[in-house]
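Shown below, as structure tokens, is a lone chain in the form predicted alone; questions about how it binds or moves come after it.
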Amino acid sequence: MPLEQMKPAMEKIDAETLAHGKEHGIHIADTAETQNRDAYLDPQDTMPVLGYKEADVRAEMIETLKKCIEG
């Protein structure tokens, strides 16, 4: 769907969330703008530059979850 059709609904979600005293880390309407710009990188392009591999990400996610559970 075009952004022009989606954005009012996204702004409504942000307003309803705020009305409940909450806030998204990144507003939903802003997320829609970002997605519309196709502003995402291919991980295969950035992984060599940042020095990580797919297996590293999975292992770190598991390690992070273990730490959260241990609390």
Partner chain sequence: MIHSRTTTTIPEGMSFMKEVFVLGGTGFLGYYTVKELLRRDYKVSTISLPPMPAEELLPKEVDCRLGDINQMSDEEVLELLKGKYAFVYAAGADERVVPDAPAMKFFYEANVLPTQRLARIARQAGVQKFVLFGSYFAHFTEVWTDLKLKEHNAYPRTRLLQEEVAYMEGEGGMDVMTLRLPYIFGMMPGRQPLWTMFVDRVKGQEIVPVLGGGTAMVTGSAGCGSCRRGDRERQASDGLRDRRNQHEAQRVSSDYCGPARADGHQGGRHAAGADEAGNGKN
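Residue numbers count along the first chain shown, from 1. For clarity, every value in this text was computed on a predicted model and none was experimentally measured. Rigid core: the largest C-alpha set superposing within 1.5 Å between the two forms.
Another form, the form predicted together with the partner chain, is not on view; read the next lines as being about it.
Using a 4.5 angstroms threshold between heavy atoms, Lys12 stays clear of the partner chain in the predicted complex. The partner chain in the predicted complex is approached by Asp56, whose closest heavy atom lies within 4.5 angstroms of it. In the predicted complex, the partner chain sits beyond 4.5 Å of every heavy atom of Pro8. In the predicted complex, the partner chain sits within 4.5 Å of a heavy atom belonging to Glu60. Scanning 1-16 for heavy atoms within 4.5 Å of the partner chain in the predicted complex gives Met1, Pro2, Leu3, Met6, Met10 in sequence order. Relative to the superposed rigid core, the position of the CA of Ile62 differs between this form and the one not shown by 2 Å or more. For Gly51, a C-alpha deviation of 2 angstroms or more is recorded between this form and the one not shown after rigid-core alignment.
Annotation: Thr46/His27 CA-CA distance longer in the predicted complex than in the displayed model, change of at least 3 Å.
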